[in-house]
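One chain follows as structure tokens, the form predicted alone.
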């Protein structure tokens, strides 16, 4: 048996270190270490509830809108208000805008450059992958960055600024949108669609999203071989990515994009052993047995422990181990699309389960879906008779829980007041779920389990298979620990 410590990882937001134990050339066991403690949760203790809206978006510069929406959702319960119809639509547009930008960034800047490594130079597709996706120099990368810039101009209209917008409030959005701005938003969405159709997919969004089975998806690929995603599909078949990074396949989604009838465009729930179940968030706990916090407790987020203990004997990560009713859960686009019963993802999940291939396909499916949703929301426009925000100043209850979906998966904020001041503020981010350490029963988190069986090539210091698996979860380590 041999041991290898991999890290820090490039093209990852924040610091990550992974300890790998090998039997021969295969990973036998993995320990994932989030190395940075930040303390956002304790920063807010004793402050006014409204201060969360200023602090929360600064948890992360990539998913700041997601943090704002989670915080505002929790505060809406505390203040006893709901966003207005216009305000909710504006918030949905902001969140969709950020999530789509993150999904695009992941594919072009974080994930695909690993296939341009020299270890693959003998593959027939290598020269084309290198031409398109070489880090910082790839032809397709520059096009994606330009498309992303255009797309994020929508955020300036919707929110005034990005990141760290203050427009998102418990009662809606403080930034009212007029008809001329709706037209601008529509034109920007149309430009982004053009990039996806012409460069990324090589077909209309509708044709791509019309694939309901793997057979239809393979037929679609045969006609779009020159597209960036078509090239990924060729690489995925050659390297059998559907067999790499397999997790237990227990998936969880909080659901996303609420409507005024109480539903969500992307459904909430859990997927376990091929079946879908209702999600009960009251069953969420965090286990600190192997994390650098005092004690070895299994606590609800309402009663969590944020007191650090650097020298805790058995601890190896600053990340806690979230569990749902004691079970490991994987979060992300795959979970969202499975719970929404997207036909193609349903078929691929039934055939292959959760792995590198299905996670990436689910992200691209969601990216295309989001653009069509944004277009449909803009087509119906905003209601002239409705305000964009209602005031929220009077505390109605002492607790609020905000559960939403960031690009990387389920994000939760738990806020408890004592009087008019914050007594407890807890955040469980998507990467906290996916990159958790073992719990007190020695059950590993989703990534740790997905890494088992990964192979290293002769003389590799950083196994490329490990890179693919880690990046298939799209980690954001700065969100992981607070």
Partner chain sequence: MNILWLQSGGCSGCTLSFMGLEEQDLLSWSNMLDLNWLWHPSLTENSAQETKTIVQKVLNNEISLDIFCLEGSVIMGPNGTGRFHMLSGFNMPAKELILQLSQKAGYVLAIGTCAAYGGITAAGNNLVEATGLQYDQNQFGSLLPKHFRSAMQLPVINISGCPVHPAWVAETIGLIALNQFTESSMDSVGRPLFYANKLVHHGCSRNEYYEYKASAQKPSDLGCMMENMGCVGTIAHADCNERGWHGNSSCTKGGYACIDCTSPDFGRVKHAYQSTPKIGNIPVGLPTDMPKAWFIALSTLSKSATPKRIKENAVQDHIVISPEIKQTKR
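Quick caveat: nothing in here was measured; it's all calculated off a predicted structure. Numbering follows the first chain given and starts at 1.
This next part talks about the form predicted together with the partner chain, which is not shown.
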For the partner chain, considered in the model of the complex: do all three of 201, 203 and 236 come within 4.5 Å of it, counting heavy atoms only? no
Answer for residue 229 alone: is it within 4.5 Å of the partner chain in the model of the complex, judged on heavy atom distances? no
Just checking whether residue 22 would be counted as a contact of the partner chain in the model of the complex - the rule being heavy atoms within 4.5 angstroms. no
Could you confirm whether residue 453 comes within 4.5 Å of the partner chain in the model of the complex, counting heavy atoms only? no
Indicate whether residue 449 is a 4.5 Å heavy atom neighbour of the partner chain in the model of the complex. no
350-358, 366-374, 239-247, 156-164: which one contacts the partner chain in the model of the complex at 4.5 Å, heavy atom to heavy atom? 156-164
Taking 4.5 Å between heavy atoms as the contact cutoff, choose which of 141, 344, 299, 315 touches the partner chain in the model of the complex. 141
Could you check which residue among 187, 145, 303, 218 gets a heavy atom within 4.5 Å of the partner chain in the model of the complex? 145
Across 100-126, the residues having a non-hydrogen atom within 4.5 Å of the partner chain in the model of the complex turn out to be 105, 109, 110, 113, 116, 117
